[in-house]
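To begin, one chain is listed below as structure tokens, in the form predicted alone.
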């Protein structure tokens, strides 16, 4: 009995010491904010982009090297997507694993959860977003020398796809650094049939065959997230091969320096040194003449 009582006293004494210490450690940690965004390209499995930032004075700054745990529909072992670590910009991303494809494809909406827990520097934080399943159907055709781009927005409801009217969408040409808008307007709004279209009148370079990437995208939509659909069309100007790098040009390698750049600077250098040697010769002559006059 004494041994049992002694064990309980030790346990209670340990709790009294540990719990305040843990509470104090948690209080000393900095607050952190976690954000989550949903991206889907060409109707493939979505990519989740998580970011972490903390407040420094009056502004937020990104936090690197923070582990963020992602979950699909429920914060459990079953719904665990994976762990990402933020980069120097406070951002990390992860594609939805293949094992969730069936659930993601059949559900009209999905919830994605991002949590930061057990971090030594920051307090626990979490966020979640609910995304309704949607897609963009993109067509591009040429009729009577007029090129038309048409995008149709569809949402998945009751096991079928229905049109989505009154949705802002952008029609662009996809480029490496930034997209180029197709028309004069920055964005379009889908009509009652969920359709937005515009003429394509741009003259831009493509690849060697004139291929360019036509795109339709929905940005930062509260319901559907970020959706992008692309299509390759031969509507660009074929890129001509530039062989000038192999010729004698200013931007070529050193062994292909233009001849005029080799000749004229060397002539200038030779002329300067020639004048210097000529002056030295005259000085030598003057010195010799002076010595001759002294001897006489």
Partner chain sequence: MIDQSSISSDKITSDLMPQKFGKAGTIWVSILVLLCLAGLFGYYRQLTLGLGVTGMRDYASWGIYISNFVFFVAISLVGSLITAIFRLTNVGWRTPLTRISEIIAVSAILFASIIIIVDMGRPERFTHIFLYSRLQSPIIWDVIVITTYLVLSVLFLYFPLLADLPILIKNSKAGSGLQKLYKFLGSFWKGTAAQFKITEKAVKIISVMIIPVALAIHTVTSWLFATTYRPGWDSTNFGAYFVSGAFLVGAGGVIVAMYVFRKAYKLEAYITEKHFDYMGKIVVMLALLYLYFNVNEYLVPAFKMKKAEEHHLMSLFTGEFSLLFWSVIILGMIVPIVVLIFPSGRKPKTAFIMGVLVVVGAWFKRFLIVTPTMLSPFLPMYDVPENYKHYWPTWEEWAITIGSLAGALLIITIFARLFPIVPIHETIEERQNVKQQML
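Positions refer to the first chain, counted from 1. None of these values were measured; they are calculated from a predicted model. Definition used throughout: the rigid core is the maximal C-alpha set that superposes within 1.5 Å between two forms.
Another form, the form predicted together with its partner chain, is not on view; read the next lines as being about it.
Of the heavy atoms in residue 253, some are within 4.5 Å of its partner chain in the predicted bound form.
By the criterion of a heavy atom within 4.5 Å, residue 30 is excluded from the residues contacting its partner chain in the predicted bound form. Residue contact check for residue 62: none of its heavy atoms lie within 4.5 Å of its partner chain in the predicted bound form.
Taking its partner chain as positioned in the predicted bound form, the residues of 268-289 that bring a heavy atom within 4.5 Å of it are, in sequence order, 269, 272, 273, 275, 276, 278, 279, 280, 282, 283, 285, 286, 287, 289. For residue 256, the Cα coordinates differ by 2 angstroms or more between the shown form and the other one after the core has been superposed. The rigid-core alignment places the CA of residue 265 2 Å or more apart between the shown form and the other one.
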